[in-house]
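Below sits a lone chain in structure tokens, taken as the form predicted on its own.
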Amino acid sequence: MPATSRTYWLTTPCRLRRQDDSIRVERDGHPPTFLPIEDVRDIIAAAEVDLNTSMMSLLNKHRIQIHILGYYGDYAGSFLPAETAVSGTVALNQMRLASDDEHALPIARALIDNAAFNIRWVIDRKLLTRSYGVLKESIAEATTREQLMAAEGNFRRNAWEALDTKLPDWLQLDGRSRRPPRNAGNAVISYINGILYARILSALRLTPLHTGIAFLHATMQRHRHSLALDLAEVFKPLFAERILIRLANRRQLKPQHFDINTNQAMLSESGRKLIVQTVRDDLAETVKHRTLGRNVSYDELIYLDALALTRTCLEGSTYAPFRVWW
């Protein structure tokens, strides 16, 4: 992504107020913090945030997005400025491709295939070899999005079982659960996925693509940003499962990082701060890009993937979703 400004992360409850052309961050018991408006690209609120219409007007003027995570860490919503980079020409081409199975299904297949490849890379290539082979056969034969999603669901269930073999008992998923997560492992996965969804939405808003027109997930369903869900498929393993395994292996995750009640769990304040800092560090990690010939951050990889899909909609080039190569 363009690096002229940066993302700010709010991990404790606060109030955002306008003071001239700066954002005043007020926290109980702490002196206010001031953020120069030119330094802010977007904001991710991982805790309660209070803002008024004056603040929203300033954010809108400078095209700054706020993404809000809910009580259990899932994506709750965003404040999105009225002005966008969406192009009518790109959106029309995007809709034409997404509504035509001849063009949409190859893109959907590629998303599922590369997402599964990335999951194998993160968890265990050997354990998931057979499941990956079955998936490839299933998606090759699929003729609808629903069949593709069903094949992906079967593979992910096998992947979650394989993931549990890499985790201590108290962090095992025991099947995927959301809203609310049933246990600590699911709480981590949901929280990271919510952050990633927000990062992808920010990246898409910098392109001419329409975030409501998707190739795998249902387009415009419940007015959600379906295209962000599409791109999230290939990036979730690089962050969610990978971070969970790493923090478990390093014994950085502790029971005190969670608030666990009967059949539900959520990250505590210290747990949220640990996960946010870890995700921030991973987004800044760099890798040598095979085509560009320079180092790019993981955050920029998301933006580059959105640009690749833009070229597909504009020029008809084949879209190759992100696939781990290192």
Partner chain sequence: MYTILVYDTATERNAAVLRTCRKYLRHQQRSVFEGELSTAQMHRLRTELEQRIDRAYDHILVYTFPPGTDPRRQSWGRPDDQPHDIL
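A quick note: this is a predicted structure, and the numbers were derived from the prediction, not measured. Numbering follows the first chain given and starts at 1.
Omitted from view is the form predicted together with its partner chain, to which the following refers.
Heavy atoms within 4.5 Å of its partner chain in the predicted bound form belong, among the stretches 253 to 261, 31 to 39, 64 to 72, 49 to 57, to residues of 31 to 39. Taking the partner from the other structure, its partner chain in the predicted bound form has no heavy atom within 4.5 Å of any heavy atom of Met266.
Contact between Phe322 and its partner chain in the predicted bound form is not found at the 4.5 Å heavy atom cutoff. Taking non-hydrogen atoms only, Ser297 never approaches its partner chain to within 4.5 angstroms in the predicted bound form. Its partner chain in the predicted bound form is not approached by Ser270, whose heavy atoms all lie more than 4.5 angstroms from it.
Looking at its partner chain in the predicted bound form, residues Tyr8, Val25 and Gln277 each place a heavy atom within 4.5 Å of it.
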